[in-house]
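Below you will find one chain, with nothing else, as structure tokens; this is the form predicted on its own, and questions on how it binds or moves follow later.
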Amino acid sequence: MQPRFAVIGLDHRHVYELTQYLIEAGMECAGYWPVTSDAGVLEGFRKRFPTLTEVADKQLLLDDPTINVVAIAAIPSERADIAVAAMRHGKDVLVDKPGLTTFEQLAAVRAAVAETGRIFSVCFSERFQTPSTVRALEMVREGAIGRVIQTVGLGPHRLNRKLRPDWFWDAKYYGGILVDIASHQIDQFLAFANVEDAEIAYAAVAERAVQPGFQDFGEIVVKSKDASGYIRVDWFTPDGLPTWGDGRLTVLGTEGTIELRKYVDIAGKPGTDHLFLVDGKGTRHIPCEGGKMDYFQKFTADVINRTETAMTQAHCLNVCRLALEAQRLATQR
């Protein structure tokens, strides 16, 4: 069986990766709905995938019984409604982060998953699309640094003001900085601490410099029974950095430390996906660029086999809930 997917929601450039990786994982793209809030995204999609079919009515894609999956990178506040409609039409769902922006949407998605038995999977790209993170998690699960007791996740982003559509600046569309960006780091904390759920101990947001009404800085402390995590996200990556952000993850264990420089090693080693290990034997740099990324292959297998190998449904929904809770609890600094 070769699963088929459709793309509904071309409002964020992450749609390029969702589409490409699903094709590489063995799925066939049955078509896409070209309606968008950002003409530049649609133009880029057409250039990257010139042979894919545009379908003017998204209902035709939802009604097509040969389509197994709907991939969604719509305006964040609209993703849950599309996902629920897709699940109720018998389709699994792959959503760009954040998968949803309100508690009401979370309740609707939970209900649809329970009623239909379909998969709702959010692609947390800072874990699933970085080989260094994939390798680091393997090493942690193998016991390379002992028991994990803390993570520090940093998610700085470049603003790219000229490329941003109008909805980008309004929290009612993107959900707030902790919902929008910090979901990545919450996902990584749960994965590396090897827990299914946690609690938000502290959260804050700020409007420091970009423009009034736009959250440009946020931080969270998240805790499980045996581990804690500090998270910082912001929109202050300088234009001088040769990539969109210096994403980092440090994992502290009882017997060692792993530090990831996922996208750039500033004034250091060239390339991406740098893993630095410190343990009882010394220090090592482990290059991971070009390494394994198997989320999309596992997701495809889950669609076929009705399994949860890419990410459990509980993990996915708990990340969404914790991001919403952090945003709700956040003090304005």
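Position 1 is the first residue in the sequence shown; the rest follow in order. Please read these numbers as outputs of a predicted model, since none were measured by experiment.
Although not depicted, the form predicted together with a further copy of the same chain is the subject of the following passage.
S.K.: Of the residues Asp170, Asp197, Glu115, Glu255, which one places a heavy atom within 4.5 Å of a further copy of the same chain in the predicted complex?
M.R.: Checking each option against a further copy of the same chain in the predicted complex, the one that comes within 4.5 Å is Glu255.
S.K.: Counting non-hydrogen atoms within 4.5 angstroms of a further copy of the same chain in the predicted complex, say which of Ala85, Leu241, Leu137, Leu106 makes the cut.
M.R.: Contact residue from the list: Leu241.
S.K.: Would Ile149 count as a contact of a further copy of the same chain in the predicted complex, using a 4.5 angstroms cut-off between non-hydrogen atoms?
M.R.: Close contact exists here: in the predicted complex, Ile149 approaches a further copy of the same chain to within 4.5 Å, heavy atoms only.
S.K.: Taking 4.5 angstroms as the cut-off for heavy atoms, does Phe236 touch a further copy of the same chain in the predicted complex?
M.R.: So Phe236 counts as contacting a further copy of the same chain.
S.K.: Residue-level contact is defined here as any heavy atom of the residue lying within 4.5 Å of a further copy of the same chain in the predicted complex; does Arg141 satisfy this criterion?
M.R.: Because no heavy atom of Arg141 falls inside 4.5 Å of a further copy of the same chain in the predicted complex, the answer is no.
S.K.: Does the 4.5 Å heavy atom contact test between Ile266 and a further copy of the same chain in the predicted complex come out positive?
M.R.: Yes, Ile266 is a contact residue.
S.K.: Tell me the stretch among 228-236, 125-133, 176-184, 89-97 that has any heavy atom within 4.5 angstroms of a further copy of the same chain in the predicted complex.
M.R.: Among the candidates, contact is made by 228-236.
S.K.: Is a further copy of the same chain close enough to Lys223, Lys281 and Arg284 in the predicted complex that each of the three has a heavy atom within 4.5 Å of it?
M.R.: Looking in the predicted complex, the three residues Lys223, Lys281 and Arg284 all sit within 4.5 Å of a further copy of the same chain (heavy atoms).
S.K.: Scan 10-28 and note down the residues that get a heavy atom within 4.5 Å of a further copy of the same chain in the predicted complex; none is a fine answer too.
M.R.: Going through 10-28 in order - heavy atoms within 4.5 Å of a further copy of the same chain in the predicted complex - there are no hits.
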